[in-house]
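Just one chain follows, in the form predicted alone, and it is written as structure tokens.
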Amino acid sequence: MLHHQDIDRSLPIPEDLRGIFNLARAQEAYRVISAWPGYAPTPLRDLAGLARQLGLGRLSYKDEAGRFGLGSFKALGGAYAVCRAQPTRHHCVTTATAGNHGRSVAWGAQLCGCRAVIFVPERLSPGRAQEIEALGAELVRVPGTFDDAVRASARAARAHGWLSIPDTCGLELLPAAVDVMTGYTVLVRETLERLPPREPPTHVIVQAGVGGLAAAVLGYLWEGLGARRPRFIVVEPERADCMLQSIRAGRPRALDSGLETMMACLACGEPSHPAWQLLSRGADDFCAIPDSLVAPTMRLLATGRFGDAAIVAGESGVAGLALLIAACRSSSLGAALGLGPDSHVLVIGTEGATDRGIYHSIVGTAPAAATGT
């Protein structure tokens, strides 16, 4: 499924969106995060073999699997927002998560020496739950979906006076949610610093759950590159396509049911309002993909096919690449997205094997075997 927006790409980022994103705030996030112990830019991998197979000029893969040892890009956002909140030992921070954000908030709480209570949907995998608890957080399972966990976390924060560190929010613009998004911009800066300054990608594909990462990447590119920014494509699971459905409706829309997707960290039924504000006005395309594309893409990366390096990527982490492969193998979708031999596509591998058991069941090898480490 595809929805294209005819936006005026010559316009600068609107002034009313600068409360959500601006480069000065992004630069401050980089200053803080790059000073943390263990900081190192994650790899930007050149998938030259796959690019040839797909008929593309270049394919860059930003590999977030090793970010601070937490397995995903989320390490940049939740922990940064916790640090910005400046909790003391007497504070408790809380959030809701489908896995990776909660791990980041728990790590941030550990860094600050405070307590963390993480609310999760009842079907969160045991492996992802264990990773959160291993960081000292208290886990609370909530009947229903991720969105039910969001509401439960917010109620608990109000009732107990806890510091809420959400990665999504509604019409009321929560500073912590903006800080989470701002933390993600570190990976965009790292990417652009690895590329020739006058040769940005022609296309960027970013997966969306509530939309925070996609909006952060778009905001950085929009303000930093202006009309030269890449064509921006948002991808979601078909069974959790709240952003696509919202764009089609012309307003933020909550999905009433479903959300049963193997891309567990993208199983969100309602867009974050600040993310919606940016994406609805600046993104070019919105797509949804079936779960059937996920496992083959994970296996392709794990085996290092076509002469490329082997890469460990989790179910949610391959969504952008899965869409790209499908588009290049479909003449109509590829043409609709403007893909061709002159295209340089950037995809973001947002997570590694954040549940090692699930990864092994899909790929057939342990994560360490795929990376050779």
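Sequential numbering from 1, following the sequence displayed. All values reported here derive from a predicted model rather than from experimental measurement.
Only in words, not in the display: the form predicted together with a small molecule, which the text now covers.
TODO: Note which of 286, 119, 80, 73 lies within 4.5 Å of the small molecule in the model of the complex, where distance is taken over heavy atoms; exactly one does.
DONE: Exactly one listed residue reaches within 4.5 Å, namely 73.
Task: Listed residue (240, 210, 217, 106) with a non-hydrogen atom within 4.5 angstroms of the small molecule in the model of the complex - done: Contact with the small molecule in the model of the complex is made by 210 alone.
Task: Stretch in contact, per heavy atom within 4.5 angstroms of the small molecule in the model of the complex, of 223-231, 258-266, 131-139, 111-119 - done: Correct option: 258-266.
- [ ] With heavy atoms only and a cut-off of 4.5 Å, decide whether residue 316 touches the small molecule in the model of the complex.
- [x] Residue 316: contacts the small molecule in the model of the complex.
Task: Partner proximity in the model of the complex: residue 185 to the small molecule, non-hydrogen atom cutoff 4.5 Å - done: Residue 185: no, not in contact with the small molecule in the model of the complex.
- [ ] With heavy atoms only and a cut-off of 4.5 Å, decide whether residue 94 touches the small molecule in the model of the complex.
- [x] Judged by the heavy-atom cut-off of 4.5 Å, residue 94 is well away from the small molecule in the model of the complex.
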